[in-house]
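In the form predicted alone, a lone chain appears below as structure tokens.
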């Protein structure tokens, strides 16, 4: 049939329009997104608004910046904030370990899935389980020190959670152990998506293991590394309360050696009944987290512009 049109019940239809469909406009997406967006705005935006309002009041009366001045001059809050900043040093360690293990796994032919599952397993464990189990393992007379003494490595044994000089770093090591699995899977997925021809050409040119991944893999990983770095930085700043609370019985001890900003907020709100001070501290923590998110989006934009520019 060579007719330029087809007759239907509604009349002739031009052949050029038979396979065309109407593309939904931008408002179609807005209609579908609107219900979820409304819920998010109502739940989170309203809660943040109330938090900010509360931080400027005391017993229902407007006090301006007084709550923020009290919090920012409180030595305990400054100590807690300092501990969060020190935990940020774990982020480069996380990136290095996750990237190295991801590269090694990408080169492994046999047992690839098994090792990936083993390394990712800690990440899916509840923080409560991790805190309770490792808190028992790392006590002064716990299995870790017992094993070290049995192996003749008693000099390495320590009071991991009872020594104020190392308690915070023990907490950081526990967080690294749990969080590194996410980075491994993230980096490995990116590495496996890279074209193999580039690696084969580099191998033919005599590039070794380190040279190959330094010159080919790393430049292709900048966006993923930036995402992981900012994600884990947010964890170190505002998601370590569960570890500290469980492993120190809610004390942040010994002394104040493991107190973090979230624990400070919890103490102010529920132990000291200083709701307004807790709100002010929470606002400060929110602004720090928001700053990290803005940094991430700026890094992502620069990476995207670099790719488009190439």
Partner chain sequence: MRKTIKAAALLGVAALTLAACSSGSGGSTSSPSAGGGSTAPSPTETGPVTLTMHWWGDQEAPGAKKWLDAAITAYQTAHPNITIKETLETTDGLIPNFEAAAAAKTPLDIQYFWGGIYAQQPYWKGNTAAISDLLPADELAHYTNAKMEDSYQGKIVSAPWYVNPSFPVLVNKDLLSKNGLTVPMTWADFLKTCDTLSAKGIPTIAGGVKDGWFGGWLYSILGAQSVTSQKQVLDAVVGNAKFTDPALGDWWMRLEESQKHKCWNADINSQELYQAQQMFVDQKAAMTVTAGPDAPNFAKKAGGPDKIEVMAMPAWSNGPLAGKIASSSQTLGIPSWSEHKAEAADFIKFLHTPEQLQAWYDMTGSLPADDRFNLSQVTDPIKKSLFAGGTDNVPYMENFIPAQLDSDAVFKNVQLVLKGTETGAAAAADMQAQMERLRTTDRELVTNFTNWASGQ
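Note that this is a predicted model, so its numbers are computed, not measured. Positions refer to the first chain, counted from 1.
Separately, the form predicted in complex with the partner chain exists; it is not shown, and the next lines address it.
Shown alone here, residue 239 lies within 4.5 Å of the partner chain in the model of the complex, counting heavy atoms only. Contact annotation: residue 255 falls within 4.5 Å of the partner chain in the model of the complex, judged by heavy atom distances.
Of the heavy atoms in residue 140, some are within 4.5 Å of the partner chain in the model of the complex. In the model of the complex, the partner chain sits within 4.5 Å of a heavy atom belonging to residue 73.
Contact with the partner chain in the model of the complex, defined as a heavy atom within 4.5 Å, holds for exactly one of 84, 170, 106, 231, namely 231. In the model of the complex, no residue of the candidate spot (121, 210 and 224) has a heavy atom lying within 4.5 Å of the partner chain. Along 197-222, no residue reaches a heavy atom to within 4.5 Å of the partner chain in the model of the complex.
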